Structures are given as C-alpha cells and as structure tokens.
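Below you'll find only one chain, the form predicted alone, shown as structure tokens.
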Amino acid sequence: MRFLLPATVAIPLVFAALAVVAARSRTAQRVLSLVGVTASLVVAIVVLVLVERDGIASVTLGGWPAPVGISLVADLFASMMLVVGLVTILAVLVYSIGQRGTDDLSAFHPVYLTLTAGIALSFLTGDLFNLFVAFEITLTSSYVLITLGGRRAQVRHGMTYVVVNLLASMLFLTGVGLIYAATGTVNMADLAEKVPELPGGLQTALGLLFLVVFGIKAAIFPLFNWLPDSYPTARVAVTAVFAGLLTKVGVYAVIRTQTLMFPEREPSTLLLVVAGLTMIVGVLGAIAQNDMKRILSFHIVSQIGYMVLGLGLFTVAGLAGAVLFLVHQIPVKTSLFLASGLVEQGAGSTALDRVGGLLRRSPLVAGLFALAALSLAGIPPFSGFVGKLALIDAGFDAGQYTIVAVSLVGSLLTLFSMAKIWNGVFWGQAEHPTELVAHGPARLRSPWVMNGATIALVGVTLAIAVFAGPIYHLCERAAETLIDPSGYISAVMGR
C-alpha cells in the first residue's frame, strides 16, 4: 500500500504533464489520457481488493508520522467510491473522444486528468487541509472545463459556479482555521478524538459550518441554486462527469466528516428535514422544466436528498443504504446525461418541444435512456430500487415514518418527470421541430464511440442490480466502519 495509495493520485498528474508536452498532437493526448485513467483505475481496483481482504490501509507521506504528516487512507467507503468514480471518468473520457468538438482544444486532456487526480485525492485524503487542496484542484479544473469553448452562456453561468464555489472554499478554509485553533490538528482521525473534548456549543457550530461548506458542494437544500443553471451550459461530456461525480464528492465529504468528527447517537432531525426538502424541491424543479438537460440537472439535487436521508438516520442500515445509493447514482446519473448528449447529437436540441418521435428513429438511444431512467426512478429490479429499498427499510427500522413517506412521494414524482422526458423526446411529436427532426434521415445515428461508452456505463448500472447482494454486504461493512471509526483512527494513528 505504501506506493499504491499515492499512485492513484500521482498517475493522472504525471499523464496530465505528459499531455501538456504532447499539446500539438490530439491523438497522443487521447492515448495518454486513456492510459493514465485506465492505469489509475487498475490501481484503485487493487486497493479495493486489498482493503476488502486486509482492512483499512493508511500511508503517511513526507517522513512525518500522523497527525503531522500527510495521511492517505483507504477504507471500504473510500475505496468503493474511488473505483466507481474512476470507471465513470473513463467512460466519459471515451465518450468525449467520440463527440466532435469536445476535446478539440489542447487544454481539455491535461485539465481532465488533473480533475481525475483531484477527485482521487478527495476520496483518499485523511486530513482536512488536504481535502481543501483536493477540492481546489477539482474546482480549478472544473472552472476551465465548464467554460471551455468560451460561449457567452457558458461564461455567464460559469461565473455563478465560480462565485458560489469560491464562497464555499472561503468558508471551508475558515472552518479549517477554526478547528485547528481549537484542537491543534487537522488530521481527521486525530480530530475524531479531540473534537468530543470541545465545549458542546463549539462542536455544534463547527459541525454546522462543515455541513454548510460541503452542503454547497453537494447541492443540498437550500444551497443548490447554482447547479441547475451552471451544468446544462457546458458540453455534455463535461456536464455528465460533473453531474455524476462532483456533487457526490461533496456528499462523500459530508458523510465522512459528520460520522468521524461530529457523530450523532440518534437520528438527526436537521439532516432528515434537509433530506426531505432536498428530495421534494429538487424533483418539483425538474417537473417544471421543459428541457431534458435541465430536468436531469434538477434531479441531481433531488437524488442527493436520499443520500442525506441515510446519513440522517445514523444507523448501520441507513449508512449502508446511503453508500449503496451513492454507488448506484454515479453511473446512473452520468449515463442519463450521456444519453441526452446522444439526443442532442442526433436531433440538434434537447428541448422537449423541439424533439419528438426518437423511439423509431433512434431506438438504441431510447433503450439506453429507458434503462437508466427506470433505475433512477427506483423501479424494480433496477439498481435504484435496491438502493431506495435499503433506505426505506432503514427508515422503518429507525421509526422515521414521515421521511419514508416523503421519499416514496419523491420517487413517484421522479417517475412522473422521467415519463415527461420520454413522452417529449422519444414518444410524441415535436411542436417546433429542429431541422434534423423535421427533415433529417429516417434513422438518426451517433458515433459508435459515444454509443459504446453509454452502453458500457448503462451496463455498469445493470451489473450493480445483478450483484446487489454482494455489493450491499460491502456497503454494510463500510457503514460499520463509519459508525464505529475506531479502526480508522487506529490505522491512521499507527496504534
């Protein structure tokens, strides 16, 4: 493990540097990106296998022992998120290579690889300051990707994204400073032992501050307004990886810090209320939209509520459900955005009143969208059903019937909004058809590379449903570590 954990972060950075050197050759950049992300994924899979077999792994960099040195930690939660995240990053990279115009600028591949390194570090870092550094690497890369191409709408809505996330970064840095002043450490394992020694009021204030910081990044209610305007303006491949991964990194940070540093002994009313409002407000926002990408963007918000629900229950079953829901959501949400890109590629728009009847003209895209949409809505036997069933069962066990009812209402509304996309894009007739829809060929075709990447990612969502049992057992073991962090603390502190 001494070299494997740093390697998952270092490999994409090294290949990003090589991609800068190869800026004049698009083919060379593409090969370097594919090799870099694939190598990082292989290392991440090896890490997951070793952690599952041998337990939590920790490495301290720089020759200094914890809590002074830089700690990288891989438990089951972090390892699973890392593998699923890198699978998604690889699929979107392949898709972007097949989509004309996405990687035309030489900056795309170096920035994409840097984003990969930032995400990997976010999952593996064991201290708050390096989590801040990882977020800044990720956000700086995302600022570039979201405005790549420089269209007016991209720059305008990208500014909202930049300003809101800079505010979150300032709050994050303030929080890191305050917690260091209060405890003398930023190592999360060390903080798990020192934060409970602080006065109760200070603990609550710090816990709320970090919930707000990571809540902005995760787009929970009422901190989500920046997301629906920012994501649809970027290129589809960029939006897909943002939608699938970046908000989930925020959720990961919420779960990690709240369970490790500010653990509750009973269900949190605040988190359950936030979860319910996030589910309902997000899905109502989706229903009000008339563009496929904007509907899917509001769904990102709504689905975050289900993960917060699992955290708010603060039980092994609730956290296991939250982890399973996270694992399923990353590929599902990404594949839905990739499908929307295929629609845009074939029909020239994703507005519901400009596209229609694609079921006959592009049955492959219709089938891919339907499989991912049914999973998102939680229809059995797809992966979304397994995740929601785990959360609902955990809610009943905890006696939280109100939030269970809210989650069921949210699921019905999600199904309704997915049917709205289906009726508008694949079933009905366009009111104001685009040129491609009105006078295009009988069969709308997309590059096989884009189709292949989307098929592969939808296949991942189906595989999660097929292997739901073993995956849930892994999630349950991950949840046990989150509820009882003594193993995590021992691994980091070397006891």
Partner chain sequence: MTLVAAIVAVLYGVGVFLLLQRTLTRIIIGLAFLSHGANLMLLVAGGRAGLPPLSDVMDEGSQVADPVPQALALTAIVITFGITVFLLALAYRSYQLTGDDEVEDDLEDRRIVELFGRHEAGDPASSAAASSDDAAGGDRR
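Residue numbers count along the first chain shown, from 1. Everything numeric in this text was worked out from a predicted model, so none of it was measured.
Not pictured, yet referred to below: the form predicted in complex with its partner chain.
Across the proposed site, Thr60, Ala74 and Thr269 without exception lack any heavy atom within 4.5 Å of its partner chain in the predicted complex. Within 4.5 Å of any heavy atom of its partner chain in the predicted complex lies no heavy atom of Arg360. Gln289 belongs to the set of residues with a heavy atom inside 4.5 Å of its partner chain in the predicted complex. Arg100 falls outside the set of residues with a heavy atom inside 4.5 Å of its partner chain in the predicted complex. The closest non-hydrogen atom of His157 lies within 4.5 Å of its partner chain in the predicted complex. Of the residues given (Tyr143, Phe262, Trp422, Phe385), Tyr143 alone sits with a heavy atom within 4.5 Å of its partner chain in the predicted complex.
Comment: its partner chain is not present in this chain, but in the predicted complex one of Asp397, Asp104, Glu197, Asp353 has a heavy atom within 4.5 Å of it, namely Asp353. Annotated contact segment (heavy atom within 4.5 Å of its partner chain in the predicted complex): 159-167, selected among 86-94, 313-321, 404-412, 159-167. For the partner-free chain shown, nothing in 40-64 comes within 4.5 angstroms of its partner chain in the predicted complex, judged by any non-hydrogen atom.
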